[in-house]
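To begin, one chain is listed below as structure tokens, in the form predicted on its own.
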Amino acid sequence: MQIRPFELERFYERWEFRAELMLSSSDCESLAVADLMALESDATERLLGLGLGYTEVPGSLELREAVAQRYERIEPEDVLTLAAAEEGIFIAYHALLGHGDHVVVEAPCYGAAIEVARSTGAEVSLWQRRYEDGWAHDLDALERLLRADTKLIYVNSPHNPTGTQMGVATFERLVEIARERSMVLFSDEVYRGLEHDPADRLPAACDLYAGAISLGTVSKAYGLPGLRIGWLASRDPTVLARIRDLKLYTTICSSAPSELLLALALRHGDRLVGRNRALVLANLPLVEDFLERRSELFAWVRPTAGPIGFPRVAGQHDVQKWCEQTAEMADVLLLPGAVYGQPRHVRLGFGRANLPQAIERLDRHLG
């Protein structure tokens, strides 16, 4: 297998723990273990008495039941847990794709969705969305990309990095296209629940179409990336079995303490996600005010879902170098859009409690 360097994660590897204030985080405000334990009266006793042996390959029944409750038509046997959402992308692609296959990936997107697909030997076409079009989804353009050998379409909504949401009619037509052609629809739903208007929330793809795979995690909307567990949900047992077989060559099973904590968090999911959604909505006007005051430098399509946005930057010939200088001089970290193939943009994150301090620091730095 050959794969290109993961530029987004390499950038964070260099800067995430060096800069004091993150203004680019894709996740939301986190919780302490004690905060989770306080949600159920017997949680501490259960955690302290937990055996630290191996866990089940698909995840504990308790965990899979908790995941299934987040969907309309998913049963515990339709769930496969993973060592974070990243593993889900990796093993799903490598289980389902190979030389001679074709895959369409919505872009811009998290780099693994493109590069891991390429690493399988499949040919990858990008369903490109554009800032100039308001990041609109062009279904005609998508259909022009499809071929007889197209095996899979990858989409992500709510979307990283633009913070936009696919419309219901567009999503329903997308599902129809996949069903008509018997293609796998891989739906990255890690920000589901953070729609700024709950009325905009899409159904989970796995609930609408048996051939779809929904990717989930508690890293983003729940603010619990330290648990390092995600999941795939699908009503196609053949597809799920092929992915599970590959998991036996990667992580095999998950951390027992993380499984217990994750199941607990999911049982209280509406409360935890609601907390972070409220923080996102409180922070968004602060970001808008900052961008308006700095309109000579930034312009964006206003986000409608999730804790991130993707402004275009004016007046900087090398946006990545500018981001690195800002981190070095102001201790504020922005993510350069070059890691998404969009070198004129930066990703802003507004799901953290210290957002006001980060904006104030950046404002002072800009002078």
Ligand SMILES: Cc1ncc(COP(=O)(O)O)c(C=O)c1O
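In this text, residue numbers run from 1 along the sequence as written. Given the structure is predicted, the values throughout are model-derived calculations rather than measurements.
If you look for the form predicted together with the ligand, you will not find it shown, but the lines that follow are about it.
Residue heavy atoms within 4.5 Å of the ligand in the predicted complex occur in exactly one stretch of 97-105, 124-132, 81-89, 205-213, and that stretch is 81-89. When contacts are judged by a 4.5 Å heavy atom cut-off, Y93 does not count as touching the ligand in the predicted complex.
The closest heavy atom approach of F290 to the ligand in the predicted complex falls outside 4.5 Å. When the ligand is considered in the predicted complex, T162 lies well away from it, no heavy atom lying within 4.5 Å.
A residue is said to contact a partner when one of its heavy atoms sits within 4.5 Å of a partner heavy atom; S219 meets this definition for the ligand in the predicted complex. With the partner omitted from this view, the residue of N276, N156, N283, T120 that lies near the ligand in the predicted complex is N156 [heavy atom within 4.5 Å]. With the partner omitted from this view, the residue of H137, R228, K247, R192 that lies near the ligand in the predicted complex is R228 [heavy atom within 4.5 Å]. Of all the residues from 123-149, none has a non-hydrogen atom no more than 4.5 Å from the ligand in the predicted complex.
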